[in-house]
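Below you will find one chain, with nothing else, as structure tokens; this is the form predicted alone, and questions on how it binds or moves follow later.
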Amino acid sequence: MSSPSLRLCCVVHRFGADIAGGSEGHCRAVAERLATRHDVTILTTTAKDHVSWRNEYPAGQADVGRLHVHRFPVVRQRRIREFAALSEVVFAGDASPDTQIEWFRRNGPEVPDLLAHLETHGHRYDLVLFWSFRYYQSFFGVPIVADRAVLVPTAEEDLAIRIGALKRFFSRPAGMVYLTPEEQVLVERQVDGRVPPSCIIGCGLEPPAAHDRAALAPVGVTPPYVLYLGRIDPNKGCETLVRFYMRWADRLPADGGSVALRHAIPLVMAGPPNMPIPSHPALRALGYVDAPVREALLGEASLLVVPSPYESLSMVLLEAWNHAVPALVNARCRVLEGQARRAGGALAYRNYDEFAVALDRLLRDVSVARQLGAAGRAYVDETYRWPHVMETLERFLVSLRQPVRFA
């Protein structure tokens, strides 16, 4: 498509190729592609850890490829216990407006210099894109440049979305960019007043390159296995997944097969752990894995399991379908259930019994597994290739653009 070049700013809480985060990765991937046609500046923080917001990257400006990256220092690390106590008050639903606003400040990462930059230079950008509604830089930054702010909320059905202060906040941006239809419905139900114009883009994927099965040898993994890929965290449903899988693996199969046979089909969990993982014959925790191992794990998996109760878009689910791998997803998450239904590429479960039945079916019935994997791949080809995603986004941004006004 032919469109005018824009001066764009992307604001995100963490930024870097070594950061394993959904919204952070989405921002980086979109920004890199926007930068092939537009002038793109990244405003971010010096934090690397999303729990403490500890300053680890150097502050200042540097070009990363075509991107102009400007990092601002975090002035206060998150105090976990104090923030948890504040969250209990706010999530109970009766906190004062000032207390709700304080929640966003304490959630961080608190970067007043980034806000000062928007105050001083925000008018120089045609549009300012903000990733993730829940963080300091978005909640306090959007109102500063509201006439040219585009919010990518990455909203999930967790307690934070119900904070009353968001009702007005969600009406402020010039536009909204959603990842799924379910996310759009979730956010627009919270809006008090004007509903901003919006588009739905998801995230793009390249067709998968050939993976090297030999990359699995150093980590001691051989098919068949069930794969969980991502941050290993209770908030991602991992405690429930581990409990369900151990119960399934230890149960004597209805056909009289041995428990040892079930233990031979491990749940391989690849990603940084934020919880203890039990020692069990059917569990394999790999920790963080590099890109070749990650691709081999996806390409060789019997199926992917996505247990998260909260998602705005499951990128790992799309990545599995990109490899024609079927999936088993938590139906209690509307986004996952919607993705599975639209693609026809996964089975869903709401409790242990449904989990066990679906897992047995996917592992035993090869034809069903192949059919689901093929449907998922076709869905990705049709909806989530980068040219389609970026054309949708750029048309929307051009429709919102503001003339640059120099003071």
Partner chain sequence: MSTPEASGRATVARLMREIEDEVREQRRSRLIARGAPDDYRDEAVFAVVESVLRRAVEERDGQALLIPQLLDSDTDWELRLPLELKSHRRLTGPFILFVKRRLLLPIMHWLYEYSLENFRRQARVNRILFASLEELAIEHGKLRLRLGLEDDAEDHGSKS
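Quick caveat, the model's predicted, so the values are computed rather than measured. Positions refer to the first chain, counted from 1.
There is another form of this protein, the form predicted in complex with its partner chain, and it is not shown here; the text below is about that form.
Of the candidate stretches 44-52, 351-359, 64-72, 25-33, only 351-359 has residues with heavy atoms within 4.5 Å of its partner chain in the model of the complex. With respect to its partner chain in the model of the complex, the three residues L6, L8 and V268 uniformly fall beyond 4.5 angstroms at the level of their nearest heavy atom. Its partner chain in the model of the complex comes within 4.5 Å of a heavy atom belonging to V89. Within this chain, R194 is remote from the site of its partner chain in the model of the complex, having no heavy atom within 4.5 Å. In the model of the complex, R124 stays away from its partner chain, with no heavy atom inside 4.5 Å. In the model of the complex, no heavy atom of R213 sits within 4.5 Å of its partner chain. Looking at 334-350, the residues that come within 4.5 Å of its partner chain in the model of the complex, counting any heavy atom, are R334, R341, R342, A343, G344, G345, A346, L347, A348, R350.
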